[in-house]
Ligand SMILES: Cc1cc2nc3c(=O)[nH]c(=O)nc-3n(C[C@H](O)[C@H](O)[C@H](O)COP(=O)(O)OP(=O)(O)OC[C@H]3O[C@@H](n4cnc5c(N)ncnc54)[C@H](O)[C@@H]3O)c2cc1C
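Next comes just one chain, in structure tokens: the form predicted on its own.
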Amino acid sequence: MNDVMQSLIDIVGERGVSNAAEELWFYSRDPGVLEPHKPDYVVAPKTTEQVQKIVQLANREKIPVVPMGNGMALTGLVIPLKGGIVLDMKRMNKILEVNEKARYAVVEGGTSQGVLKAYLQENYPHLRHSIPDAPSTTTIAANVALHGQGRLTNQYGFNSDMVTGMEIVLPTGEICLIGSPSLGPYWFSKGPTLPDLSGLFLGWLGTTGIITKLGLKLFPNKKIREVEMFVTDKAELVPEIFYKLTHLEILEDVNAWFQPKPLIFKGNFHITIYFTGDAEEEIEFKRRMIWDALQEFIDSKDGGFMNVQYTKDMLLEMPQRGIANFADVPKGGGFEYSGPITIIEHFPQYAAKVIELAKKYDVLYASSARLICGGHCMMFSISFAFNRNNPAMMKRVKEALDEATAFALEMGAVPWKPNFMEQQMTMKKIHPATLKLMQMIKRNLDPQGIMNPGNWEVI
């Protein structure tokens, strides 16, 4: 163990590695309900070459490696289930390039959402990227690696769809370029018309490689951003409302949410509609189109628009800080959610299931659905809050989330950022030939089985 510690110090320097008990405690857990597990070392590299040397050392010594962004996924994806090295990427936080005309940025693997947002606001205020509703310290590479969503998801798909190239340190230590940067200096495409190799790493939760550089699409930052909110008390109408809104093809983001507290929200389904423009005339034209699209529900008295005058500033925040307030409702600072990706027609069934689970397990819920890529699917968030000082409540939340995942799989959904137990449930359900292909990929890319073991363990 001392030899490994010294080898890590030789690679990153004394300030870049630790096995101190208090730091191992911190890196053994995340904000969710899964049990902690301590790593043996925490290492914070500053360069791709340092990451490469760490992985080569891990291969020689057969030590697990867990790449970590900011550990905000809530579902235990960076808990070192089998010990080893937690590779904290946050010192690799440089913005390497912004190509204004081609609308992409190149960042290091530990660059945070907040750093890129602030840099663009200062230097390229007419450009933006898709920001998830997660703390600003959340890293871009970690977000795309688990197919995160953001404020442009309805228009352009998952944030992983916005990747334009990658530099990867493979589990065997080689450095590999994915997409257009493998042929030249430009980071404009992760795949077409080359074979799209990005799928070997996106969605694999750090089990097939470590993202050290990332190209990301940028989009026009319109001068005006607006929001409307439509409310109905009938869950069965939400899919039709979704369909009519996305048929307009003018909306930045669409979310439906429901929760029992405060009581003003109980029993209603709120659809938050975001749209942008460069002139007031454009905004008003889009607002009229939104109202006209939903007029039939107003006429039938099945819904109506809510005045957002006093909540607009909060609704327009990116990211929305108010989302985390849900964790403190039970006075304990915790929440976790299951997030199946499914078709919009299933919204009523999922809404009913959330309320059923909350009653069965005596936990507090808040749920939402975000439309993906013009309504081709939605991410349905099944979220439960808990008191971190109440183990019994945390156990009930975990059981409720497990049942939510089982329900989602029965409904034909795809689990989003599943924890290791939900991954096992998924692999039992998945087509046998698909599982065999996953096994082949994992064994060939990670022959020693060192990369984030316990996750996507297709053995």
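Residue numbers run from 1 along the displayed sequence. In this text, all values refer to a predicted model and were calculated from it rather than measured experimentally.
Form predicted together with this ligand: not shown, discussed below.
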Exactly one of T232, S381, T138, T272 comes within 4.5 Å of this ligand in the predicted bound form through a heavy atom, and that residue is T138
Scan L371, M89, A105, L294 and let me know which has any heavy atom within 4.5 Å of this ligand in the predicted bound form.
-> M89
Please run the contact check for P239 against this ligand in the predicted bound form: heavy atoms, 4.5 angstroms, yes or no?
-> no
Would you please decide whether K53 lies within 4.5 angstroms of this ligand in the predicted bound form, comparing each non-hydrogen atom pair?
-> no
Taking 4.5 angstroms as the cut-off for heavy atoms, does G109 touch this ligand in the predicted bound form?
-> yes
Contact between G215 and this ligand in the predicted bound form at 4.5 Å, heavy atoms?
-> no
Option from 296-304, 205-213, 261-269, 177-185 whose residues, in the predicted bound form, bring a heavy atom within 4.5 Å of this ligand = 205-213
In the predicted bound form, residues of 74-103 near this ligand [heavy atom within 4.5 Å] = L74, L77, V78, M89
